[in-house]
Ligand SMILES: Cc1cc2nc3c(=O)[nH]c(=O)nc-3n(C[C@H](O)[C@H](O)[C@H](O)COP(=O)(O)OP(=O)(O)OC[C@H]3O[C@@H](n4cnc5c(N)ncnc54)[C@H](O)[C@@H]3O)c2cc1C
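Below sits a lone chain in structure tokens, taken as the form predicted alone.
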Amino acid sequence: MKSNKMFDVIIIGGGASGLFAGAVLSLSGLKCIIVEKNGRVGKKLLQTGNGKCNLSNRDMCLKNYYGDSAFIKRIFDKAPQKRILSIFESIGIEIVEGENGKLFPKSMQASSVLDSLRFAFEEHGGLFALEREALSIARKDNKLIVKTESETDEFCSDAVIIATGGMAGLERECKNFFTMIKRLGHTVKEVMPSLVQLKLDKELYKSMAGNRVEGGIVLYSNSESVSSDRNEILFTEYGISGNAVLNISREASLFLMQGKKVELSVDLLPDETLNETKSILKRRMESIGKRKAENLLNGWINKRVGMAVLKSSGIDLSRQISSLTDDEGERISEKLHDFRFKVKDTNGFRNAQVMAGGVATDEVSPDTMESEKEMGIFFTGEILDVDGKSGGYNLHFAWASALVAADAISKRLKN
């Protein structure tokens, strides 16, 4: 026989936004439970910022986000960054600023953020129901009933926050939460991996695996330039990664999903013009002409990457540099600024940092995060059709949307 357990608020999902909402609501005196399908909460949170937890960013410009900008702006207006950071400080997290405006816990440990959120939640009466996957939400006697896969538990409340996160980082594909959301009458925009590595179809990249460069990158779809970035680029066994790649991967995902031809152009010398590169290369060909061609770019760019550029330019690495022609020099110079690769796929949801797509934001109020379809249902974080670039933007949206929802619920239930 099922036991019906009554709470003020049920939070479905123990990720970043669910934990933050739970902490804020528990601190306000409301009785909350977090229903989490895994055996532990905050698993993905531990991996953010390479384990350091990039909490936010000083630059909250809307250009760093994809989705309805008016919707996102309204949420950020309702949940100012200063207030979010003060909440973290109140539960024991000291904030420090790193490069490019990135904000971290001073401990540089994502585990300390997770612990502080858990402690704040539990110290004020919050409960966890672990290894309980929520399967449906129904209304009975003006209360919301959350049913799980457990035969003995169902939970009852005045408000439910859906903070399930998305499909990014999942070991196995799971879309049960989409089914539950669609039954509530909500539209789910098509989802795809974002902030994800890309697989290339040229074997040449394998010779560069493990090597990093600072460079520019341009994404082409059907030969048209659609996105660009400049940052770290990492060549891997399967293709290419690094922050520059992650930041253009959303568009790559979209165009691949549409069946379009997708290419990357890597600029290995973004601080030089093509003419400057030609001049430097000509001087090098004269000054170190007795060496083998494999050493032509050594000391200028990463040696392994340089050798791949030469091979791709049709240069026999065993030749003497002085034997290279002016035309070959032109070809090498151009390749240094436009090293092309065909993208065959992303590295999938399992390796993605965030999911693009999700619950349509025109069906959710940015003033409360409440569903426009079903009173008492709230959405926060990654499950919404909002995603950001690398640099703390996705976690900041998780905190902000959770805070807006918590404020709205607290105001309603306490009045």
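Residue numbers run from 1 along the displayed sequence. What you are looking at is a predicted structure, and each value in this text was computed from that prediction instead of being measured.
One more form of this protein exists, namely the form predicted together with the ligand; it is left out here, but the text below deals with it.
(message) Against the ligand in the model of the complex, would R132 count as a contact residue? Criterion: heavy atoms within 4.5 Å.
(response) Close contact exists here: in the model of the complex, R132 approaches the ligand to within 4.5 Å, heavy atoms only.
(request) Mark G357 yes when one of its heavy atoms lies within 4.5 Å of a heavy atom of the ligand in the model of the complex, and no otherwise. (result) Contact with the ligand, no.
(request) Report yes if any heavy atom of G329 sits within 4.5 Å of a heavy atom of the ligand in the model of the complex; otherwise report no. (result) No, G329 stays farther than 4.5 Å from the ligand in the model of the complex.
(message) I'd like to know whether G169 contacts the ligand in the model of the complex, with contact meaning heavy atoms within 4.5 angstroms.
(response) Although the ligand is absent here, G169 would touch it in the model of the complex, with heavy atoms inside 4.5 Å.
(request) Mind telling me which stretch in 198 to 206, 266 to 274, 331 to 339, 157 to 165 gets its heavy atoms within 4.5 Å of the ligand in the model of the complex? (result) Every other range fails; the passing one is 157 to 165.
(message) Could you pull out the residues of 21 to 36 that have any heavy atom within 4.5 Å of the ligand in the model of the complex?
(response) Counting only heavy atoms within 4.5 Å of the ligand in the model of the complex, the contacting residues of 21 to 36 are V35, E36.
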